[in-house]
Every structure is written in structure tokens, then in C-alpha cells.
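You are given C-alpha cells for the same protein chain in two forms, set apart as structure 1 and structure 2.
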Structure 1
């Protein structure tokens, strides 16, 4: 397996940069997710690691080997990089059996039939597909076809496995199953994995670290807990999870809401934030609802029962806050409730 190092890589299409000054190191055996909205440059980064796209500038290394460096005119072909790629569309050949699909890369490399049989057998066993080796893709479910694509990538014993939104075509239950299987696969093989997704839940559940991107630029790199609890900026806070954002100003006794300056929350913004005009981020689960007594009085504007919780939209001081309450709580729309905010984070 191998470390992947991206040093100040950029990719421009004409005057527009799809990726700009992207630097990250993915450790040997690490599971890293590139996460961001559509068009943020995450797939472009993945394809530069694979060798399908050459960077405009910067350097890509896999292990100790530089595989892309325009300045030094280095551009190692994809098939010589030691990477396996799984696409969103599976890309399994409909006229081939499961065995033939998985064996195809070995056949292209003129691997002997006996070795093909052994390596395909191991890959299918790893993906729990051994009993389906003689089936054709139309006889498989979407999850099974995805396993075929993974087995085909793994059969070449790649140093790095690149996954481009491979679960997006699966239904919710299958996605959840495949998340667990991918994590188990990494533990079994020790392969370095770079996983591209726009689904924050996939990233949070599977990744050792997340690279959050927007408009081709890295916004934050960190473990899922760090990204969620300590977002580097408002974009990360909004993109990861659900959050409320309250505009206001620093005051001696706390944080005064811009919409209702008479409402002052008992939180002091950090001294490192030099501006008096700030935004406070509050997660819904950090707001408790009470029938009486609390920091703020509010009115229930909407509510949604979602099984494990009841989500409320409450109006307070010209702001609307999203609050996650206990499933057995049931405040009526229009009712007056009281809020206690236990935590928040400030941004300039």
C-alpha cells in the first residue's frame, strides 16, 4: 500500500480553475474522503491522482514515486500508477459473467489462467460474491454489481483504491450496508482509499479524515468529529450537518441578536475574533426545549416527527431556529416554548 501526496496541485480549464493549490497527504492505509457540493473539484482531484487528468501545475506522488509533475514533464499513465478505480456507474460489462468482469484486467496484463483463477477467486471471496461468479450483470442487484466493480479494482492488488461516488445509485438500505462493507474491506486489505462524495453522512461514517472542498479550494481537513464540532468557517458548518446561524454583536454581557438587540445570549465570542459584528452557529441538538423557564421565549412555527426525534422550527426575536427535540415531546404549532442554548461557535 502507499501514501498519496498532493502538493499545490491546480487544474485550469481556460481561465477557470476547477482545483486551485490543493495540498493534502493521505497516509498509507488511510481512508480519506473528498467531500463537497457538486462542481467543487473533488472528482477532478481524484482523476488527477488516477492519471486521467493532468494537473496544470503541482505534483502528485504515490509512495516515493512522482506520477504527475507538469514542470518536470512527468505524467505516468494510469495503468502504471498502481491504483484501482471504481466509478459511480459501476461500468461492468453486460455480456460478461461476474468472473469474466473481474478477470478482465488480469487478462489484459496477460496473467496466466491459473493465476487469474486464484486472484479472481480471492477478490470474489473478499466481496462475498463467490457463489455468483457465473451470473451476468442483469441477474444481479445494484449492490451486487457494485461489489463486482470493487472486486475488479482489487484483483490487481492496487496500492491505492479510488472511489468516485460509488454508492450514489443505490437505495438507502443498500448504501448503509455498503458503507459498513467498505470500512470492513479497508480493515481486511489495508489499502489506502480516497473516496469522493457529496453525501456528508457517507463521509462522516466511513472516513478517517475528511477534506472539505468548495469552488476548487480546500476549506478544512480533519477527522469527522473535528469537522463537525469545530468547523473552520461558516461554509463547513453549513455543509456538515444542520446548523442555525444567528447574526449579532459582541456586548459586554454576551452576544446581542441583530434582529432583536434586547435579546442577549450568555456567550462571549473569543477575543481572537476582532470584529464586533459576528455570526453564532448553533446546532439543533444544542438547543433544549422547555415548557417554561429558559434563556429565550419562542413560538413553534412548524414541527416534523422523524421517528427518533421531533424537529421544530421556532421563531424568536425575528429569527427562526431549528431545534431537535425528544420524540415523545409534542409541542403544538403556535405554542410558546422556552429555549436553553448549551453551545455555539462564532465566525466573523
Structure 2
């Protein structure tokens, strides 16, 4: 197993940068997720670790070994990096059986037939695919093909396992199952995992740490909890979970809404934020509803019953907030409710 170190890597396609000044250290045995909207450069980043794309500049190391460094003209090809990879299309070879697919990396290393049988057997067992070893891929479901791809990536005991949106082609139930299995797999094997996804739920559930990206640039690196509770900027706050944004400015030791300056919330923006106009992010679950008491009064504009809660859109002095009410509370559209905000975060 090994750490993966990315130092200031950038990749330009023509004049535009798909990834810019990307630095991150992924610890030995860690499960790190690259998260961001489609087209933000996640795949490009992962493929630079795999060696399919050479960075324009910067340095990639796996363990103690520098595998990419254009300045020193180092570019170790993918087949020599000792990493495993699961592709979005699974890329299970249709002309080989399940066994032959999984055995292929060993065959290339000229591992003895006997050892091949043992190791493939173990990998298939780990993926609960032992009884399907003689099948051809077209006889397998999508989920089973994915397990073959995983077994194939793991059979060579890679130092690092790279996964590019591996769950996006599965149906919802199977996806949930695979999330848990992947987590478990990592515990069993101790392999370092880099997992790419655009699904924030997936990232939260699985990752030890998340690297949030946007437009090729890292926005924040941190544990799921930290990213959710203390987003580094408005993009991260908006991308992870649901968030309300209230514009306003500092007023004494409170925060006055821009749309209705007479409403002052009892939260003091940190002194570090020097600009006058500020934005306060409030998560729906940090807003309590009450029929008669609260910091501010609001009108219910829209409501949706979602089972474990009722989601309301309420208007307060020209702003619309999304809030959650307990399932047994019920406010009619047009009714006045009182809100109490318990936490929030300020951005410039």
C-alpha cells in the first residue's frame, strides 16, 4: 500500500486548463473522494494518477516513487504504476470468461497457473462471484460485471485503487449495496482508494476525506463532516447538501438582511470578513419552525410533504428560504410561521 502525492499538477487541453494547481496527499490506506460537478476535471485528475494523461506540469508520486514529473521528463506508463482501476463502463473484456478477465493481470506477470487459480479464486470469493467464474460477460448483469472489474483490479494487490464513477451505471438499490461493500473491501484489503464521483451523497457516505473541485480547481479538502459543517466557500456549501443564502451586511453585533434592513439576525459575522456585503449560509435543519415565537416571521409560499418531513419554502422580507418541518407539524400555504435560526456561516 502507498500514499499518493499530487503536487501542483495542472493539465491544459489547448489553452484551457482542465485541472489547475491540484495538490493533495492521500495517505496510505485512506479512502479519498474527488467530488465535483460534471466537467470539473475529476476524471482528468484520476487519469493523471493512472498515467493515461501526462500532466502539463506538477509532480505525481506513488509511495516513494515519482511517476510523473514533466520537468524531469519522468512519465512512468500506466502498466508500470502498479495501480488498479475500475472504469465507468467496467471495461470487462467481452471475449474472455470471468476467470480469464480476472486472471489477466497475473498472466501478464507470468504468475504460475496454480497461483493464478488461487489468487483469482480469492478475488472472486471476495466479490462473491466464485460460482460465475466460467461465464462470459454478456451473461452477467451490470452489477456482476462491476464485481468482475473490481476483482480484476484487486487481484494484483495494487498499491492504489482508482475508481471513476463506478456506481453511476447501477440502479439505486444496487448502488447502495455496493457503497457498503466498497467500504468493507477497503477495510479488508487496506488498499488506498481514490474514488471519483459527482454524487455528494456517495462521497459523504464513503470517503474518509473529500476533495471538492470546481472548474479544475480544488475548493476544499476535508472529512465529510467538516466539509458539510464548515464549507470553505459558497460553492462548497451549495454543492454539498441543501443551503439557504441570505445577503446582508454587518449591523452592530448582528446581521441585517439586504432585502429588509429592519430585520437583524443575532449572528455576528467573524471579524476576518472585512467586506461590507456578506452572505450567510443557513442549512434547512438549522431553522426551527414555531406557530407563534421566533426571531422572525415568514409566510409559507409552498410546501411538499416528503414523508419524514415537510419541506416549506417561506418568504422573509423578500428572500425565500427552504426549511424543514417535523412531519406532524402542518402549516397551510399563506400562513405565518416564526423561524428561529440556530446556526449559520458567513461568506464574503
Partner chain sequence: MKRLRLNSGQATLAFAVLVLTILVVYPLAQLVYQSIQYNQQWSLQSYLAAMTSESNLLALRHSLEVSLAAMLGSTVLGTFLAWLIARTDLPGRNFFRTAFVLPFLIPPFIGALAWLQILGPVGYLNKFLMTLTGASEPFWNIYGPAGIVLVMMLHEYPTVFISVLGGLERMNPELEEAAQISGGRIFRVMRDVTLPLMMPTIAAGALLVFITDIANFGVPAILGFSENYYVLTTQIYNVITRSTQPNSLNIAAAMSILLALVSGLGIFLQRFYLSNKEFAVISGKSMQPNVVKLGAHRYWLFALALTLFVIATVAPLVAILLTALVRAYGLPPLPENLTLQNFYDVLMLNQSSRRGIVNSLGLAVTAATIISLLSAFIAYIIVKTKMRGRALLDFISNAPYTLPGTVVALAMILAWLKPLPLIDFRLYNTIWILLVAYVARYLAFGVRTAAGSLAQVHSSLEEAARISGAGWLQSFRDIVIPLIRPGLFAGWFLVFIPCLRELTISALLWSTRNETIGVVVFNLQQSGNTSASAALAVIMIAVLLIANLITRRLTGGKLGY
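Rigid core: the largest C-alpha set superposing within 1.5 Å between the two forms. Residue numbers count along the first chain shown, from 1. Since the structure is predicted, the reported quantities are computational estimates derived from the model, not experimental observations.
Comparing the two isolated chains, structure 1 is the one taken from the form predicted on its own; structure 2 is not. Positional change of residue 187 between the two structures stays under 2 Å at the C-alpha, relative to the superposed core. Comparing the forms between the two structures on their rigid core, the Cα displacement of residue 141 reaches 2 Å or more.
The Cα shift for residue 97 between the two structures, taken after rigid core superposition, is 2 angstroms or larger.
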